[in-house]
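Let's start with one chain on its own, the form predicted alone, as structure tokens.
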Amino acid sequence: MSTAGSRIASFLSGAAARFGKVPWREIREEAFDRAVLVLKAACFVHVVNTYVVGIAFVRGPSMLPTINLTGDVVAVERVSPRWGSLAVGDVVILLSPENPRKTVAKRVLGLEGDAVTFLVDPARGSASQTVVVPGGHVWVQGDNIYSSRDSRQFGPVPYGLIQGRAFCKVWPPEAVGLIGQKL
């Protein structure tokens, strides 16, 4: 046998011996433990984002000047709607009653049982209408009434469509701060 062949044979027999000494069981257990830890962390993040607090990107003209036209990232707490503790003046994130695949931000102007008076078409006149918000619903409107599709068009919104209450702008940096109630 040539010297190159004997070197290869020696290397392979040494590699097999080294391979046999690798603690495969410990490596497998460590990898499993880490995978379980990552899975637990992902579940925790999912639960917190779905049921406690999350973030949402909100844009469009309907909430000017509270929300920028080009968009703001807002923190959304999801506990208030579940406990029924929303207040008039809160900014809420909800599924659009017109297009359930779309999420919109609006301000709560009336809770169940409240009488709400609103301008029917503010761009064309001062005609107003008063409605009583039925049980299990809220009345929402955009801050910019001239450019908002809201309860004036689609009526009171069922509580079940509300995903959370926006309480703080977190992006862009120059806009960071609490979102106050506007009455």
Partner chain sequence: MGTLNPLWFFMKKSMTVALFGITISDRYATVYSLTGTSMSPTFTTSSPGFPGYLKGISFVKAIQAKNDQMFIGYVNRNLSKLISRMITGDIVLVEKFCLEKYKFSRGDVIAFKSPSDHKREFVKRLIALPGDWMQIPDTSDILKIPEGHCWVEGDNKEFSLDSRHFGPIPLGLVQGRVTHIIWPPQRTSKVERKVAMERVR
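This one's a predicted model, so the numbers in the text were calculated from it and none came from an experiment. Residue numbers count along the first chain shown, from 1.
Another form, the form predicted in complex with its partner chain, is not on view; read the next lines as being about it.
A heavy atom within 4.5 Å of its partner chain in the model of the complex is found for exactly one of Phe44, Phe57, Tyr146, Phe32: Phe44. Screening Pro23, Gly160, Gly14, Pro173 for any heavy atom within 4.5 Å of its partner chain in the model of the complex leaves a single hit, Gly160. Not one of Arg78, Ser128 and Gly142 places a heavy atom within 4.5 Å of its partner chain in the model of the complex. Remark: Pro100 counts among the residues lining its partner chain in the model of the complex, judged by a heavy atom distance of 4.5 Å or less.
Using a 4.5 Å cutoff between non-hydrogen atoms, Leu39 counts as a contact of its partner chain in the model of the complex. Contact check for Gly135: a non-hydrogen atom falls within 4.5 Å of its partner chain in the model of the complex. Contact check for Val88: every heavy atom lies farther than 4.5 Å from its partner chain in the model of the complex. Here the chain stands alone, but in the model of the complex its contact with its partner chain, taken as any heavy atom within 4.5 Å, falls in 152-160 among 115-123, 66-74, 23-31, 152-160.
Residues of 57-75 are not found to place any heavy atom within 4.5 Å of its partner chain in the model of the complex.
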